[in-house]
Structures are given as structure tokens and as C-alpha cells.
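Only one chain comes next, encoded as C-alpha cells, the form predicted alone.
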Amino acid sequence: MHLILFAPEILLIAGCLAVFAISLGVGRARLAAFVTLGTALAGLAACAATLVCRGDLFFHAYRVDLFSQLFKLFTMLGLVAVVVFGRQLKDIRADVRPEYFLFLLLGTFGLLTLVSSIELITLFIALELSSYALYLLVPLRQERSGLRVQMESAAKYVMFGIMATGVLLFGMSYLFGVAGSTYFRDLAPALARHWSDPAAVVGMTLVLAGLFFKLAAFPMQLWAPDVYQGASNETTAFIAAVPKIGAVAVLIRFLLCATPADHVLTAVLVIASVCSMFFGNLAALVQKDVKRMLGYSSIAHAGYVLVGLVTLHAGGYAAASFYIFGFVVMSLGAFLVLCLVSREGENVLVDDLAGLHARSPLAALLMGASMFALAGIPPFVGFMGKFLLLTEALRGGFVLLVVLAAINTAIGIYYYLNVVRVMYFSEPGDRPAVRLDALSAVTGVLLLAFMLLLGVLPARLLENTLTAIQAAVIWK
């Protein structure tokens, strides 16, 4: 039974070992891509098969339940999509592509273990494993015109990551001092008794600040635009979507230890949310590079996610989880088109999308749908996600926060619809046609279908997410 509980992780470990063995040879990039895709699909199937499983592993430091498996399922969906449309790796040297796929699998393995960790040391190790793999993916991009922007981006990523790690560990030390234990089952009751103690408030605040790095939320957001712009298109697609699922899961794990009466914690989340939304949206207005624009956009979306977490209530957590699931689909749809439009892996400017409706109708449709969804326009998942978040915040009495979030949504509409305008109302000029192979076309259609289905029929996923969050409370 224990092997079944750990099946997705075992499959990823096996895939990592296989790709590592492949990387010892020469000219095996295609084989590494094939093994990685097979591992991702097998892991996805294992996550789906273990959705109803429940149990503890490794001396109760690792929990498998509906909460963990639901987040793992979307993590594996993101990995499958990235591997499918990024399997050519146009901007990664052929001799390091097997290593690229190895780091991709290792990072995903770290994220899977992250969402099941219910003990601080286990959680920290999983968080660092997922982070180190991403640090190594960013600089693998080829140099262009003598510029090494990928190295600058990687350096910034590592430096911000080190700072976030220090803040996180410092906060964990306070929580350990308050609870006398590193297990969440002991941490939550201890915090409930000691919320009047400054050590508990400072510890939780520092932990949240450290975790904001993964989510690219204020005040740990400054790395995102540079890393998005400097990394390869495929790497950016992964960083933009998949790690944020794990970040939201861990934030919910910690916030489940709190209660709606924790006003200091609520104030911290409100400030982070508002600053993230305004910083991201206002900075995105003037961007010409699509990836950099999406980098600032991701900061704003982190702020939207925090709108749900501010409530410190299961309904708000469920809305935030639903939104991050939808955000993964929306982001991957946009990055699929960027990978297709980019002929040699170069960054895509907004003007490079001119006349895309004539050069590739399906790519233009997918990009347009992604922009509409990110802007929060019905009937796509972005609208439903924002509606659920604002409803939960309004129910919690955060009227001003709802108004500010609505204003930011209006700001975001401008730069998202500008992309749509360029695609459909600008002439293509001498820009070449964009060709989609069968696998990329199928992936694009599926992403488009998910954006519509989650926007029109959200009830099933939302109910399962709420059930999962209620079951994640392990100390009652």
C-alpha cells in the first residue's frame, strides 16, 4: 500500500535515473525527451490513480491525501504540457539537452514532495530541491550576439532565492521555538495558544515572506521579469506555471494553522496582495517583450491569489487553489504560442505577433483565449477564478480589497487586449507563417478546452478542492 501512495514520486525518481544514464552518452537528446515525456505521462496517470488514496509515510512527515494529490495532478499536467511543446528546445544546445530534461524532472519531483510535506525539515528539503533544479535550468540558454542575459537572470534568481531561504529558515526557527516541534500537527495547536506572542506572529510572517518568492508576490517579486526574459521560452513556461502550484499548496498548509481572528497576519496578506497587484499591472503596461510582460503579469496574479488567502477561511483557500489551477492552463496556452512563433528560441516582442491570425489561425485563437482568460473576461477560467476570489473576499468583509482588485483587473485588460489587437488588426508584413505539428496542435486544443470548461463548469473542481482543503486539517 505504501508503494502505491508514493507511486508518482517513484516514477519520477526512475525517470530521473534513466535520463541521467542517457546524459552520460553523446547525441541522445531525442531519447532523453522521449523518456521525459513518458515519465511525465506515467506520473500524471499515477497522480490520477492515487487521488482517493490516503496515508502517512516517513514517520508521519509525509502525507498523501486528496489535497496533496490534487495539487500533484496539476503539477504533472503542467510538466506534460511543457515537455510536449518544448521538446525541440530551440534555444538549448544539443549537448546539454539531456541534462535540461534531468533538471526538469528533478524540479518536478521536488514540487511533488513539497505539497505532501507536513513537517518543516522535510518541507524545506523539498523546497530547496525544486529551487536548485530551476536555478540550473535558467543559464542553459544559448548566448545571443555576445550577450549573456541568461547568466544575469540566473544570478539574480539565485541571489533572491538565497535571501528567501534565509528568511524562511529564520521564520521556521521562531515557529519551532513556539511549538517545540517541526510537525504541523503540533505546530497548529501551539500557534493557536500563542498568537498573542510576538514570536508566533513574526515567525509566521517571515515564513510567508520566504514562500512569496516561489509565488513571485511582493516583497519577493523582483526576480520574475528578469528571469522570464533571460531564460529560454520553455524554461520560462515551466517557471511561470508549475512552481506556483506548490507555492500555493504550502502557503495553505501554513495558513491552516491560523484563524480568521489573526488580524496581524491578515494585514500582512492584504498589503502583499495590493502591492503585488499594482506593481505587476502598472509595470506590465509599458512592456514590449511578451515574456517580460507576462513576468510582471504573474506578479499581479500572485496578488489575486492572495486575495483568497486573506480570508483565512477554507472557502477562500479553495478559491485561491482554483485560481492557480486555472492560471497554469492560461499561462501554458500563452507560452505554447510563444514557443511556436519563436523560430530559433529568441524572445518574442508584441509586434512579432502582428497578423498572427493569418499566419496561424489556431495559434492566434489560443493566444487570444489565453489573453482573454488572464484579463478575466468571460467565459474563460480567469473570469470565474476572479469572481470566486472577490466573492470570498467580499464575504469576509474586505470591501476595499475587492475594489482595488477590480481596479487592477481593469488595468490588466489594457495590455492583454493590446496583444489581441496586434494579432488580429495588424498586418503580418513579411513575417513567416507559423506551423503547428500535430502534437502541439492537440495540446493547444486541450488547453483551450480546459480554459473554457473550467470557466463554464467550475463546480466539480471547486467542490473537490474545498473537500481537499477541509481534509488537510490534520490536527483535529
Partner chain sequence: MNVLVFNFSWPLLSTLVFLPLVGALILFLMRSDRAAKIWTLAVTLFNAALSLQLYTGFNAATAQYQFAEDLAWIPSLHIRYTLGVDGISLLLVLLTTLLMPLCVLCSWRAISVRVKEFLACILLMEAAMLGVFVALDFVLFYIFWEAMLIPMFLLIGVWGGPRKIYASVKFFLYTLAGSVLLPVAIIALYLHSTPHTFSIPALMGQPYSAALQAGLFLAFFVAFAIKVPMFPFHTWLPAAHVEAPTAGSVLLASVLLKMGAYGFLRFCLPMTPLGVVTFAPYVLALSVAGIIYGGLTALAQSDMKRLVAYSSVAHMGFVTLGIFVLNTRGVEGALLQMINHGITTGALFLCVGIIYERTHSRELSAATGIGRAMPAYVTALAFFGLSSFAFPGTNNFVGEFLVLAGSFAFSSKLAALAIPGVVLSAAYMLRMLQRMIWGGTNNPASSHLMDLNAREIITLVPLLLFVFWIGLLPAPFMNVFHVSVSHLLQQFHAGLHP
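Residue numbers count along the first chain shown, from 1. Worth saying up front: this structure is predicted, and the values here are computed from it rather than measured.
This protein has a second form, the form predicted in complex with the partner chain, left out of what is shown; the following refers to that one.
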What is the one choice in 121, 163, 394, 264 with a heavy atom within 4.5 Å of the partner chain in the predicted bound form? 394
Taking 4.5 Å between heavy atoms as the contact cutoff, choose which of 195, 174, 383, 135 touches the partner chain in the predicted bound form. 383
Considering non-hydrogen atoms and a 4.5 Å limit, does the partner chain approach residue 34 in the predicted bound form? no
With the partner left out here, check for me: in the predicted bound form, does some heavy atom of residue 388 sit within 4.5 Å of the partner chain? yes
Spell out, yes or no, whether the shortest heavy atom distance between residue 14 and the partner chain in the predicted bound form is within 4.5 Å. no
Using 4.5 Å between non-hydrogen atoms, is residue 222 touching the partner chain in the predicted bound form? no
Partner absent here, but in the predicted bound form, which of 299-307, 394-402, 78-86, 266-274 has residues with a heavy atom within 4.5 Å of the partner chain? 394-402
What residues, if any, in 415-432 have a non-hydrogen atom within 4.5 angstroms of the partner chain in the predicted bound form? 417, 420, 421, 424, 425
